[in-house]
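One chain is shown next in structure tokens, namely the form predicted on its own.
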């Protein structure tokens, strides 16, 4: 179900100006802390009324400042997963899940409850109280509770921010499974300031800076856009691409097939034939004018320069066309000048196999 947001609110020394549309799948709102992401999702949820603007979900208007429409939160049929889970401490997991189902407009059938419990791996937790759960387990329960309220839209506000690295890795596959679940059909607004999370999850990406939406579009296109590097951060910038697992070698390397060539990378657990997402950081790509030899690098891809954007400092971001996909490279301005790099040139991109960590390869598309 499509969401349309066009709101403005002035806080005096800070203003929110947010305009974007979100469809099926995961739409990520990305921005540094304090940039207004939570304020925007609270407006969508009905917890905050902006001064101006309009919010609609499907054919229903949730908020219209000019017409005086402001639907109450409980009438919007929107699920909300907060950073801290907010489970009822005196109820066990099964009772927390059942509480949400009581308020669903459409009561979940027993098989639907079973499906969500299985999808989120909650079967062994049903008799436990929240105090005995890990942070990742609490978030999975909170997600299940939100889904059992039968929402038309799911808001997730920094759901992994309070978790350490291992706990984040524990819950991310469940979020990927939810995104790819064809039976849920729920749109998700996912708020985060962590690039690695949105690279694994987002279908659409909304970049927010100082309260304003400065870029919105297909996540794969935004990640590979040199203009997005200052917003994502020079050390975090990098392209996200789809690939298919075609071989697992005995030495621990797996062959991933993209539209423009193959990559050898370690740590792939997905089965043969499965499509995955792979994130390659811009700083991990080396450019060459010709086919290099005598190097330890296993991945040498023929590419075409799509765009060059010079930075304010000594760096430059370069978009590279590889088949139907795009890579993003970050090099020095001196290298651009000395190699005489120009849009449309045919060159080669070198990617070390070990430069792609396990966390940058997800199990779904």
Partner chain sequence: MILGFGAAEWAALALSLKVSIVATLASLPLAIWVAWILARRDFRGKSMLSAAVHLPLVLPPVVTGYLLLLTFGRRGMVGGFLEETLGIVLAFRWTGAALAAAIMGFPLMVRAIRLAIEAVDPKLEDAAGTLGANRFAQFRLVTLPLIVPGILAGSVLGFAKAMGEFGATITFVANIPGQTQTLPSAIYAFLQVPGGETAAFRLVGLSLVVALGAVIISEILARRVARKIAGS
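All values reported here derive from a predicted model rather than from experimental measurement. Positions refer to the first chain, counted from 1.
Just so it is clear, the following notes concern the form predicted together with its partner chain, a form of the same protein that is not shown.
For a residue to qualify, one of its non-hydrogen atoms must sit within 4.5 Å of its partner chain in the predicted complex; none of 120, 166 and 177 qualifies. At the 4.5 Å threshold, heavy atoms of residue 84 reach its partner chain in the predicted complex. Of the heavy atoms in residue 73, some are within 4.5 Å of its partner chain in the predicted complex. With a 4.5 Å cutoff on heavy atoms, residue 146 counts as touching its partner chain in the predicted complex. When contacts are judged by a 4.5 Å heavy atom cut-off, residue 194 does not count as touching its partner chain in the predicted complex.
This chain is drawn without its partner chain; in the predicted complex, the residue among 114, 132, 259, 269 with a heavy atom within 4.5 Å of it is 132. Residue in contact with its partner chain in the predicted complex (any heavy atom within 4.5 Å), chosen from 90, 185, 247, 235: 90. With its partner chain omitted here, the record of contacts in the predicted complex names 75 to 83 of 272 to 280, 207 to 215, 166 to 174, 75 to 83, defined by a heavy atom within 4.5 Å.
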